[in-house]
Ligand SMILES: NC(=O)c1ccc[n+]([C@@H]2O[C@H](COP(=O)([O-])OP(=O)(O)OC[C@H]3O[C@@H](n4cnc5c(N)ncnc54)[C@H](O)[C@@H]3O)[C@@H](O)[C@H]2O)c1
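Before any questions on binding or motion, here is one chain by itself as structure tokens, the form predicted alone.
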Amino acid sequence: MSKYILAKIKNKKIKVGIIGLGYVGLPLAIRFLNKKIDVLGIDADKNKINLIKKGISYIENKKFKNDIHFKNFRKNVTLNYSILKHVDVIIVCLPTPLSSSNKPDMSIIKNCIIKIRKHLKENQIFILESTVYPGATYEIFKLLNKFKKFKLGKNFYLVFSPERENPGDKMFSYKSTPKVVSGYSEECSKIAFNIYKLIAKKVFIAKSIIVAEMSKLLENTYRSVNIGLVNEFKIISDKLGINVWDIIEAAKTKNFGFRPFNPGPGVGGHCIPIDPIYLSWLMKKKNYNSKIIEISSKLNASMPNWVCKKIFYYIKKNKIKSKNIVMVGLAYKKNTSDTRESPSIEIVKKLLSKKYHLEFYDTHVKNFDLKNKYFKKKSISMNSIKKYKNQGIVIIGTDHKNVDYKNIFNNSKLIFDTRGVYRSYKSRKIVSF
């Protein structure tokens, strides 16, 4: 049967069903559609579904074409899981957040599995792209296979392929970024390889599903640890009265054994704040406390509070009476509208608790409602910043590229720069940390 499936994949006759059309699922759907492959989509958000049906992408830089595959996709985006009986490949791209007790919350995935089960058929390929703890993919399959009718590698195929999206990066492409895959069996891996080869220039087959699951956690733990290190260097540099950006520029000249990471007001998104915690949670179950991972995660999580303490201290020391603040950038990283776990928003919340009046300017985020009378939920215009020239405060929370920072500088009384966008400026009205 696998020969028949492989021939179907090679001839682009497969139908792909994607569950979860967010920052991972929608770009993935568009990649398959661009290769003339039929895609059906499921999402729990009616607003997203309505936008897709109108041919509107809510993710920047993602375009809908007018060919038959895109038109059919727009028609076949739904809340209804029953469409899965028409597909050959099911790809799950749902969020796996942390619970209030800082443990992996698999409830969204598990609720999805309950809905999927009755629509499965033999010879389908089930692929999980959501970030999970090692061993979770097979646990999910056991929930799928309630009645033990599927035999892995024979009449059903199980695959894990960690997502590698980079929101806000126009240069990101599967032409340059390899796709990691692994299946339960050699047959599962072979099928997965051929599916992703349709959209990726290079596909790497990991030794096992658990290796692929761990590789995703390593990728983002690596980033978390190094960002935590450079953020601690920022704190140390501040205590020593040294500019951390000058230190980084000097260290960058070393052409071996060093890769620069930029400090900031904290970390955000769905990966760096969450993935390392998945690993440390699992290790606790194995009676091991992961030291470096937990320290870096805690340090990164503490950065918004550290930034606010610096701001409050400076305001008090210099007897600044203005209660008006503009936060430049609400997104968690530059050049994206993604606000998940954004440190900018954490800083805004702390400022609001002190009764500061907050407006925000973000070239990518147009609306954000915190339901607070001191916070205006619509992004102001660049011209509106001029009113802060003589009395207001500006905080650089996100370093988007398409921002006129020179104009902000010329029309601001005081700037707190958490991203180093003004590191080449020599001015008393810029406070960098």
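Numbering starts at 1 and follows the sequence shown. These figures come from a predicted structure and were not determined experimentally.
One more form of this protein, predicted together with the ligand, exists but is not displayed; see below.
**Q** Please state whether every one of the three residues Y58, P95 and K216 places a non-hydrogen atom within 4.5 angstroms of the ligand in the predicted complex.
**A** So, yes: the whole triplet contacts the ligand.
**Q** Heavy atoms within 4.5 Å of the ligand in the predicted complex: which stretch in 398-406, 379-387, 43-51, 360-368 meets that?
**A** That would be stretch 43-51.
**Q** Examine I415 and determine whether its closest non-hydrogen atom to the ligand in the predicted complex is within 4.5 angstroms.
**A** So I415 does not count as contacting the ligand.
**Q** Could you confirm whether Y222 comes within 4.5 Å of the ligand in the predicted complex, counting heavy atoms only?
**A** So Y222 does not count as contacting the ligand.
**Q** Just checking whether I108 would be counted as a contact of the ligand in the predicted complex - the rule being heavy atoms within 4.5 angstroms.
**A** Yes, I108 sits close enough to the ligand in the predicted complex that at least one of its heavy atoms falls within 4.5 Å.
**Q** Should G268 be classed as touching the ligand in the predicted complex when contacts are defined as heavy atoms within 4.5 Å?
**A** Heavy-atom contact with the ligand at 4.5 Å: absent for G268.
**Q** Can you pick the one in T137, T131, S296, S342 that has a heavy atom within 4.5 Å of the ligand in the predicted complex?
**A** Flagged contact: T131.
**Q** Of Y81, W306, F233, F204, which one comes within 4.5 Å of the ligand in the predicted complex, counting heavy atoms only?
**A** Of Y81, W306, F233, F204, the residue with a heavy atom within 4.5 Å of the ligand in the predicted complex is Y81.
**Q** Counting only heavy atoms, which residues in 9-24 are within 4.5 Å of the ligand in the predicted complex?
**A** I19, G20, L21, G22, Y23, V24, in sequence order.
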